[in-house]
Every structure is written in C-alpha cells, then in structure tokens.
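Below you'll find only one chain, the form predicted alone, shown as structure tokens.
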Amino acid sequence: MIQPRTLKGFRDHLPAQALARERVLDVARRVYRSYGFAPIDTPALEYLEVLTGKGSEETDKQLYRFTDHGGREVGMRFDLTVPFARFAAQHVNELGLPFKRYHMATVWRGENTQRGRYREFMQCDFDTIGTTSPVADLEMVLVVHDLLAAIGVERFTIRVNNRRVLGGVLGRLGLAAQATGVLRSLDKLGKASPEAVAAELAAQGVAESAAATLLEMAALSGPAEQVLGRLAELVGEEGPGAAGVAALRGIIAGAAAAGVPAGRVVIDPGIARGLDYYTGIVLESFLDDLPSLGSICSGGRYDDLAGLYTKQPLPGVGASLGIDRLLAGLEELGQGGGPETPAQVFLAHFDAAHLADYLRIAAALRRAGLAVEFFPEPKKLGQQLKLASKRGIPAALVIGGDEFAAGTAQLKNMAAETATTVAWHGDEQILLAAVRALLATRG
C-alpha cells in the first residue's frame, strides 16, 4: 500500500482553498481586462538557456532542471516574466507594440519553505512591453491598487522605488561596479537586521561610511516630498539618479490624479528587488496589518530582458500578484470574504419518478445564473442535506411526490436551519424568485 503524501513545499488544494483562489483569479481577470490586458500562456518547461542567468544566482540555484528524453537541458519556469520576454521576442511581429498581457499560471522554485512561501505556487502577472513611457509605469501602480482593492483587501500600502535612484547613489559612492551584490544585500532589509546587512556589505569590501549612507537611504520614510528631497541630495542634480527621482515624483502625482487615496502609494528607497533584470521602477505591496508576511504583489521595469532573445528593443514593465501568500494573509486577518461554496442551491433528489422534473428545474435555475448541485440518486433526505450543509451551500430545494402533486416546494435556509413552503405550481420563475430572495438575505 502506497502512503498518500505530498512533497515538501507542494500542496493539495481542497475545494474551499481552490474556490477562494478561483474568486481572486476572476477578480484579477476583470481588473486586468479593464486596462486592456489580453491573456496569453506559455509552456511550463523551457530550454534551460532561456531561464538561466536572467533572475539572479539564487533563482538559478532554485531552478528545477533536468535532461529530457531527447537529451535537451530543460527547466521548469521560476516566474512568468522571463518566459514572457522569450514569448514577446518570438511573436513580436504578430502582437503589435506596445503589447499588454496577463498570465496566470503555476511556477516552481526549489527554495526553503516558510509561511506563505511554497515550492510550487501560482503567479498572476500583467505586463506592458514595447514602451518606455512613464505612463506604463504609472499604470502598473494603478492596476496593483485597483486589483487589491477589488479583491477586498482592506488596508494595504504600495511601496515604490527606482533602480536608477539606487544606481545614482551607488555611482556617487564609487560602488557602481559592485551594484549587483550591493543591491541583493539591500534587498534583504526587512528580512535581516541593518547590522546583518552592514556586515554583508563589509564582506563585499564596501567602506563603513558608504554602508552607512546606503542604510540611511534605505531607512528613509515619511511624506513623499521629504523623502524625494533627501534622495535628490544623495544622487545629485544630473544623471540617471536624478531622472529616477523625477520619475518617482511623477508616480506620486499620477496616483493622486487617478484618485488613489493619500498614503496608499509611498516612496521606499529600501526596495531594490533581488532580480537582476530590473532597470527602473520597482514595486512591492504589503498588508498593513501583516507586514511580516512579505510582499503580496511585486514588480517593476525591465528594459533589457527581452534583448537577450532579440535585437529589437522590447522594454517592459509589470507586476505579479502572489495569490497563495495573499490568501494566507487574508485568512489570517479574517478578511477572506466568507467561505466560498461550489453551488448556491442544492436540489434534493427525493423521488426517482420525477427525475425529468428535477432536471427541468435545475436547468431553469442555471439558465437564470444560479449554480445548482443536483444530487445524483434518491438517497435518504437527511443524508443529502447533511452533505449540502458540509459544503456550505446556502439554499436547498426539497420537492417530493406529494409536493409535486400539491404544486409546492420546501425551500430551506441551510445556515438558519429553517424552511418555508413555496407555492409554485410548476412555474420555475416563482421558485427562482424565492431562491433569490433567500440568497439576498445572506448578503
């Protein structure tokens, strides 16, 4: 007998979890499409050369890789951005530019598991490729805001920075050649103490005074103009750093013009994002009441990534919603929006002689937009209703031979454990109205 079990970092999703995920995906599709993003899909398996050397040394180590039956070196995608860059380079002539896509799919990383972090998880990405316009950067921020608000997140903050600002500071400190290692160290702030990050910088040969400046920069907080003013002093009046500060100022102004509540988007110079392909704006989003969970939606601008696959310039910008981490956080905070159910109405199979009538009723309710579960066989009523209650289905219809003869039905409120008699006389529209009235009382 084989013991039923799952690998570490991999999970089964029971109906309640899967339904909650489906709800978030439905919301994300609606928000993404409202901005003009179109769906795409890419293979889970790519040539290894497509994936390696694109994210960081860490993601290369985390890749699930192997030699396939054809002797090819292949890997499982670790995110959806790198495959999208390959996709865009391969299909650019068919797409037209700029191109806006969204992609919801599973990715794999062989990393240490922790709260809200797994080895197999789903990402929910949106990206714009083929433009360097600051409007595309701003739109990324607005989509993230609208997405989290539409999902029902009550308190969250979107933290933005710009890699050009970080590059400008590093340039003035004489650390431009060490940018990759320094930024990876800075990206650990929040997970590691400033002292630990300082020690790591020292191990890279960063002078104590330079490390102090970097940590001061990363710790800046407060009103946007105050933070931007200090950043302007650190980067100087010219060069990419100054342009990065101006871009951040534009993000804050644009978010305000679009009606984003004050304080929802903030400047956080400590955000570096660990992936090497980011070149401009970088973004992370946090639940205000659970910041230790980590970012629930992250992204940024990557102007050079697709250049690894084509000579045609394909600058891009986009973000990814971490569905599993978000759902874990909302569940912990009690903001999941209530239990999801597979159906709204349970139709009991009470009398086998009336199978055709049951099928007609179920079809009528479904045509009206209700989700109906019809029990497949005429078992004991108590057994059927017990199953409906276990699944959280809010309403149940019980119609036996006597009820069909009298033209009535029993409509049960499963949560309140009450029942009402509905005189419907064969008119499914009357049943429909009664069911909708019951569902409306549940909000």
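Everything numeric in this text was worked out from a predicted model, so none of it was measured. C-alpha atoms forming the largest set that superposes within 1.5 Å between two forms make up the rigid core. Residue positions are given as counts along the sequence shown, with the first one as 1.
The form predicted together with the RNA is left out here; the points below concern that form.
Looking at Y102, you'd find every heavy atom of it more than 4.5 angstroms from the RNA in the model of the complex. Contact annotation: I40 falls outside 4.5 Å of the RNA in the model of the complex, judged by heavy atom distances.
In the model of the complex, the RNA sits beyond 4.5 Å of every heavy atom of Y309.
In the model of the complex, the RNA lies within 4.5 Å of some heavy atom of G401.
Across the options 377 to 385, 42 to 50, 25 to 33, 65 to 73, residues that bring heavy atoms within 4.5 Å of the RNA in the model of the complex belong to 377 to 385.
The contact with the RNA in the model of the complex, taken as any heavy atom within 4.5 Å, belongs to R117 out of H354, R117, H145, R86. A heavy atom within 4.5 Å of the RNA in the model of the complex is found for one listed residue only; from S298, T213, Q344, Q178, this is S298.
With contact defined as any non-hydrogen atom lying within 4.5 angstroms of the RNA in the model of the complex, the contacting residues in 397 to 419 are V398, G400, G401, D402, E403, Q410, K412, N413, M414, A415, E417, T418, given in sequence order. Comparing the forms between the shown form and the other one on their rigid core, the Cα displacement of L25 stays under 2 Å. Core-superposed comparison between the shown form and the other one: CA of I40 displaced by less than 2 Å. Relative to the superposed rigid core, the position of the CA of G181 differs between the shown form and the other one by 2 Å or more.
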